[in-house]
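Starting off, we have a lone chain in the form predicted on its own, written out as structure tokens.
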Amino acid sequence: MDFRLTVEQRELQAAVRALLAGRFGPERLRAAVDDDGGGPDPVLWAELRRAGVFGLRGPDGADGSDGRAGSDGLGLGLAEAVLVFEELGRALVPGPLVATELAGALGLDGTAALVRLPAGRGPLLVEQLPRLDLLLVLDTGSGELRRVDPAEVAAGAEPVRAVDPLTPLWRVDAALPSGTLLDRADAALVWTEGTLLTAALQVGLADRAVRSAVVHAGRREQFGQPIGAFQAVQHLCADMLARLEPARVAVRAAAVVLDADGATPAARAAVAGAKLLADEAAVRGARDCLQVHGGMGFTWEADVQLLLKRSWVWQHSFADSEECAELLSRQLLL
């Protein structure tokens, strides 16, 4: 099996990278942190939507899973979707990116978040609640996926302080409306795809952490030479890269398996393994990047602290480390 990217895939990746570099560079990222508390930039999201980022796998003008007319999609697969989401993760684009893409794949149009109702549920945390067009609710008990009007949920919700300034959260204690059943949606597959796309975001973030650390190590001088000349700093950067590359390969391989086989136990285990590797590459990579930057990395003015905060958020988005380890161990023991 040949895992090299095709010409079309490389062009897609380069186009998204160029779009984000022009629309969401370091200055716009800093402005989002300082100015508006992290809501999705409507101009940027409109451009991403026009570029097809949220319709990568969507049906081409077909009816959505709830019978509505769906938005135009590009008809691509998960292999292409993870490439695009690597770029979104590298740029630290805020907002419910994964759930909006999942909604597009179901033929639903609009900014979406997805929450999973655990058995005996307690409070729920919903990202960007007042700005959502759709709220997808996955019921663990019934295995059903429902579409809920976020305006009905927002009425009884309260904002809570979030670790990532670009990921504002709302706490929901009240019972959720029953909403509309998406009876043609495979809830297990949607959850697994969401886990994979989140892993791709983490790979992009880890890539940015490596590059940021290496650039800083080459510029920052101590004792008359760049700090990158010191063996301790070299080892930190090398370890970051050594964690990143296996994670990138695992995510891309899992995308191919999931596209081909659907949410089989083996495919879900492949995605779980990829998410574990991607979480480790992102969280530990962000910590090491911060250490390379030294004390200035902890300051509000330095962007490097945003990498660590976002990696924590994505680590707990969709399947977290505990769930992924459970899935993987169960498959290995068969």
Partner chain sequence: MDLSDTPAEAGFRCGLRSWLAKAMAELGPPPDPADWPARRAYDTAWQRQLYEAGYAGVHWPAEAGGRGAGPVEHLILLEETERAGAPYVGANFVGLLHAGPTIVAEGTPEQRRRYLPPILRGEEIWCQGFSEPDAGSDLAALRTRAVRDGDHYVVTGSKIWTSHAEVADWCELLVRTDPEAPRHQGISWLILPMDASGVTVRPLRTLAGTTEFAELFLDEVRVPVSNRVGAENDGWRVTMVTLSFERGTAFAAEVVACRRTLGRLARLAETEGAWTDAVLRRRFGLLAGQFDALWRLVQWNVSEAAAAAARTGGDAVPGAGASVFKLRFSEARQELYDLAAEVLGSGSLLLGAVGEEEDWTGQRLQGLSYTIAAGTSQIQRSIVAQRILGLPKPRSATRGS
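Values in this document were obtained by computation on a predicted structure and should not be read as measured data. Residue numbers count along the first chain shown, from 1.
A second form of this protein, the form predicted in complex with the partner chain, is not displayed here; the remarks below concern that form.
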| query | finding |
| --- | --- |
| Partner contact for D139 in the model of the complex: the partner chain, 4.5 angstroms, heavy atom | no |
| Heavy atom of A154 within 4.5 Å of the partner chain in the model of the complex | no |
| L277 within 4.5 Å of the partner chain in the model of the complex, heavy atoms | yes |
| Close approach of P123 to the partner chain in the model of the complex, 4.5 Å, heavy atom | no |
| Residue (of A91, L145, A250, L97) lying close to the partner chain in the model of the complex, criterion heavy atoms within 4.5 Å | A250 |
| In the model of the complex, the one of L181, A263, A217, V115 near the partner chain [non-hydrogen atom within 4.5 angstroms] | A217 |
| All of V16, R57 and L306 with a heavy atom within 4.5 Å of the partner chain in the model of the complex | no |
| Residue stretch of 253-261, 98-106, 127-135, 157-165 approaching the partner chain in the model of the complex, non-hydrogen atom distance within 4.5 Å | 253-261 |
| Within 4.5 Å of the partner chain in the model of the complex: residues from 296-329 (heavy atom criterion) | S321, E322, A325, E326, L328, S329 |
